[in-house]
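Below you'll find only one chain, the form predicted alone, shown as structure tokens.
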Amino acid sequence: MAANYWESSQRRRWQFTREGLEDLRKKLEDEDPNLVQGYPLPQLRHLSIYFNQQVARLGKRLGVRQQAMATAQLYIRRFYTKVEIRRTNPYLVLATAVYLACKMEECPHHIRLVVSEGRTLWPDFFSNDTSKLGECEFFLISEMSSQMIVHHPYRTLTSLQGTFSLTQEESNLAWSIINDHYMTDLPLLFAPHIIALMAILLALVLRPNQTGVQSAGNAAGGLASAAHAALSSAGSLKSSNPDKANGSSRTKVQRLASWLAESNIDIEAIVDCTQEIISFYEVQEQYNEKLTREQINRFVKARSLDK
């Protein structure tokens, strides 16, 4: 097991460029164009929102803690860079990812309980045969090359709360943004500390306006402008003298900008993360759960993947 992110398989094997990730997914679709054309699916972000909702439902019934839920979501995302979704029963994959994540996060649940709860949630698409989940578990482990250790942004957020004098409300908002980022490609593109700093930045930008994550999509333009202004300030300070910004009257956003300027953090990466999560919140406004569910259920039934 890697003691830190920099030595981990997550960094060496599961961090991609945007182009590399797109190529992986295109190759999967190109393997069977007829399958892809025969069963159209919503855009990936809408699929991710639906998967997140289903994982949350199962996790609530099992009493799974948040970090294990986040691990499960990252397993699902990694798995679907290796296997085309239309070749699987997503409900079985989701339940298996939760079962496996609970093992890895040392909060295990008996396989019979997971199968029972899955059957209750998705009775038309989920077998009560425990061997099916057991087989799927080995499938996931194999496709992920047994690289199961996950480093999350939560640890960085917790360690920086005091540094930036975050209130409980600001910390909770940043935590919520980190939860949301698992519905995007960000965990496959950037290091956990970059994600955590993006979440802190957005929490500080959102908080003064008394707004929240759910309304971020509506205020995306203003939010992006404020976040980019702070990061531009950090970039300017980095190339000049950070001490110029020191003063007792600085806002928390200004303090964060100064801290970034004095660090070796990749500010461009934080800019990219910020743009991605804001774009996600905009897309979330157009999410149609009924349509997404119907399109998934159609290929599961038509291809007898629920058997």
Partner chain sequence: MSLTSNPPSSGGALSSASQSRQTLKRSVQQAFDDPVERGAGPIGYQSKVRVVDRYKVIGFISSGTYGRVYKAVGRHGQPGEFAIKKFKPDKEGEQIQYTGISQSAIREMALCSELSHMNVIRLCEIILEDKCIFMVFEYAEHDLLQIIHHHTQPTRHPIPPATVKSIMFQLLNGCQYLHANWVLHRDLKPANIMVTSGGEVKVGDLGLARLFNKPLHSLYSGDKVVVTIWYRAPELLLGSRHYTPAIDTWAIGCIFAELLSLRPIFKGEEAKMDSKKTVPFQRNQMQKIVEIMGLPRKETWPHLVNMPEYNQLQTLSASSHSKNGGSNLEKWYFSTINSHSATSMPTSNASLGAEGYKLLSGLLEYDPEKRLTAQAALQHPFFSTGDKVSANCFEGMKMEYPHRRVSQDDNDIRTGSLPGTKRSGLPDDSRPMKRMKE
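Residue numbers count along the first chain shown, from 1. Given the structure is predicted, the values throughout are model-derived calculations rather than measurements.
The same protein also exists as the form predicted in complex with the partner chain; that form is not shown, yet it is the one meant from here on.
With the partner omitted from this view, the residue of I141, L166, L188, L121 that lies near the partner chain in the predicted complex is I141 [heavy atom within 4.5 Å]. Of the listed positions (V114, L92, I76, L206), a single one reaches within 4.5 angstroms of the partner chain by any non-hydrogen atom in the predicted complex, namely L92.
Each of P108, S145 and S304 comes within 4.5 Å of the partner chain in the predicted complex, counting any heavy atom. Considering the partner chain in the predicted complex, the lone stretch of 261-269, 52-60, 31-39, 275-283 in range is 31-39 [heavy atom distance within 4.5 Å].
In the predicted complex, at least one heavy atom of K103 sits within 4.5 Å of a heavy atom of the partner chain.
The partner chain in the predicted complex comes within 4.5 Å of a heavy atom belonging to E137. Q67 belongs to the set of residues with a heavy atom inside 4.5 Å of the partner chain in the predicted complex.
When the partner chain is considered in the predicted complex, S131 lines it closely, a heavy atom lying within 4.5 Å.
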